[in-house]
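Each of the two blocks below gives one form of the same protein chain as structure tokens; they are labelled structure 1 and structure 2.
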Structure 1
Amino acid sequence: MSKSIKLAILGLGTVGTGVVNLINDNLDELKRRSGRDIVITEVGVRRQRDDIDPNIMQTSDLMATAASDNVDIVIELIGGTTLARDVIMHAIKNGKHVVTANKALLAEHGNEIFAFAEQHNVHVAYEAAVAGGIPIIKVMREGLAANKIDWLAGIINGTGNFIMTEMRDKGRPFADVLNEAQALGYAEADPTFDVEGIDAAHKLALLASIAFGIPLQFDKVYCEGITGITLQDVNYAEELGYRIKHLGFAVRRAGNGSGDDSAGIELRVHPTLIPQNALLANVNGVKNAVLVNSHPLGQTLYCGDGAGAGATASAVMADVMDLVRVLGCKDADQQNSNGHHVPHLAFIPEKLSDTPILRAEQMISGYYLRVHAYDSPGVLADITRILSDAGINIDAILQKPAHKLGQVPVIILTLPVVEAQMNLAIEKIEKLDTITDKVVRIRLDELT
């Protein structure tokens, strides 16, 4: 057996503890697969713990650990975008490979971090940053390396998926389910990142860069949460043959010709109606799933646990195993190098594209519209005329009986349309004297 590979785990929360347990439980398998002994030499903790192997050094000086001669690979699990960034950059500067589950850090500072790693001939691995235990980063960087990816759609936040599943299956209101998600530990005390789509947007930025070979551009992801979704809309969607899921989309748009400003990439996170029989529509609870449409392969779906100690530790250790093999170069009297490793964002850094990210009003999708109007003659005709004048084609209409206030809900599904056209149409509809409230809109995608 070649010399041991030494790990430092910075942060011993749920995931860090899961990594320790995985190594202890599966050490023989790890040795057989890598040809190396893998040992934890240091852990970064806030305070000393008596449940840690006494042979492992415990320290609160994370910067010292990141530079330690007794560490080959630094596993960053502390979270956040300040201290974590400083620690990772210090580890890279000192020639350490890094494994991280920190999607926020990479989405916001990944371009800088990856460039710095390239300069210092080390690698930053981040399988655990997206979709937990699903190996979607490896799939897209390696398994689909010969394919051109046209679009991807993903359930990439388990909390949001749990909430939407409970609302649909049990008829429970959003606030009630959110409270349960917090009690179960699926949602934080402040659930903003989950329910407003920010967590999913971080992950989508990473997936899009790998899919299309573009720099990370989290600030250009359109982001819409699920706090406005009502049981009324969930039920109407079901009646029309759809389910509402909170999805992240990355879509390559070819445009209509030379100089056309509709060519570019859509990056968007929002609630979406998708067909009930779609595989993605049947991924429930806290599960994650990513649907990738590529050429020539076609559609492939990757599904599994998107969070939790075991799932995330599995992804962390998959990265560690890759890096253990990279470190094998040393035994062959070569320099510590990431030269035979896949690039951080799947494409050679100097070949990353400057393809523009489309603005929200340039994006294309179908729509679900819920319009509340007085129950009077000609209302539906006025609405359909406005949509037609805006070049919007109607796919289905569902008109429900008037309720006691004399108002009737009208539900309309449209074919795909540029968002700017829909914005103008909704503005005109809301100005009608017969309309009693704001138009509710939810995007719709057939996933074809």
Structure 2
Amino acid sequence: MSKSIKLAILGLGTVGTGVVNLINDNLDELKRRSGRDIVITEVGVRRQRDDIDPNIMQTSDLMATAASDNVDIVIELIGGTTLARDVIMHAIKNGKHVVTANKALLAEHGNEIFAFAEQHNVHVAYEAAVAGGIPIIKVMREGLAANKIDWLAGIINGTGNFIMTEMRDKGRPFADVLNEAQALGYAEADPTFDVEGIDAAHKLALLASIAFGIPLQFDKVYCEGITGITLQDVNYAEELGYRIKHLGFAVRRAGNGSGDDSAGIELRVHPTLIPQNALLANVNGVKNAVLVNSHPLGQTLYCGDGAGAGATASAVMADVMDLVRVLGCKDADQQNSNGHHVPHLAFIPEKLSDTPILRAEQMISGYYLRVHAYDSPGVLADITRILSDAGINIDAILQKPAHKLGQVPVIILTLPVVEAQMNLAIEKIEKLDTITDKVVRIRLDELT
């Protein structure tokens, strides 16, 4: 067997420990598939540990490991966007390939990191950064390479999906389920990233780039989390045949062809009503799923565990296995190993497009509206008139009996509408004397 592949694992938390365990459990399988011995030579830890194989060097000097002659591939699993960035840049500068699960870092600094890697003829692999164990990066960059992708929609935060599933199915309180997600190793170091949609926005930025061949633009992702979802809305949605899921959408809009600015790409993460019988509506717990609509293939769905030690380690090591082959090519041909690898963002860097990202007011979706009104004659007519004046088509209306002080919740589902039109209509509805509260709105998508 040819020379062994030497790994450094930086950070032995949930994912780092998962990777060590996977290597121990599946070593023979890894060898049989790669034709190489795969050995961990160094681990980056905050302090010395006594549960690590004594043949592995333990160090807190991550920068030294990133440059070590005893390392071929640096696996960054410490998280964060400061030291992790410095360590990765240092590894690249020293000719090391890098594997990372750090979506926050790549969403914010990926353009710079990938350009630096290309300049130094190394690769930064990031399968674990999106949808955990689902090999979605591989699918999008390689499996769908001959397709034009029109849109994708995905459940891309395991913690959020776990919380919403447990709340809906078992009526458990939000904080209680979040604690469990943290104990299970699903949540980010700062769990507000999970529940406020930021983690999903990081992943959506990555998915959109490899779907459409655009630079990473995390700052342009419209982002809403799950903290505002009430059991009341979950139940009304179910009554109307829908389920609320937290989804990320990346949608290519052709525009109306009249030279206005409605052509571009929508990047948004938010709770969404989807039909109960849609496959995505039945993806529960820590599972993630990504639905991709591409031409000529059509819709395909990818599903699996989106977080946790084993699932994420699986993705990290799949990247290592790819890099083992790149290293093999490099051994054979010292000239250029980049030629043997798919581009970081799926399209060759010079061909990335500057298609604009649409602003929130330009985005198009259906809506669920919950309006609270006094139970007086004509109130429903007033609301529907405002919607029809704004050119908004109503798909369904549900009026519940007056529940307190003569107030009635009115639930309205609309067909897709440009957000600016909906904003104006809601402003007018809220000005009616008969309306008692702010209108609650949740986007709705039929996923067709």
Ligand SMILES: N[C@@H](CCO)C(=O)O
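A quick note: this is a predicted structure, and the numbers were derived from the prediction, not measured. Rigid core here is just the name for the largest C-alpha set that superposes within 1.5 Å across the two forms. Please note that residue numbering is based on structure 1, beginning with 1 at the start of its sequence.
Each of the two structures shows the same chain on its own, and it is structure 1 that derives from the form predicted on its own. With a cut-off of 2 Å and the rigid core superposed, residue 174 has a Cα displacement that reaches or exceeds the cut-off between structure 1 and structure 2.
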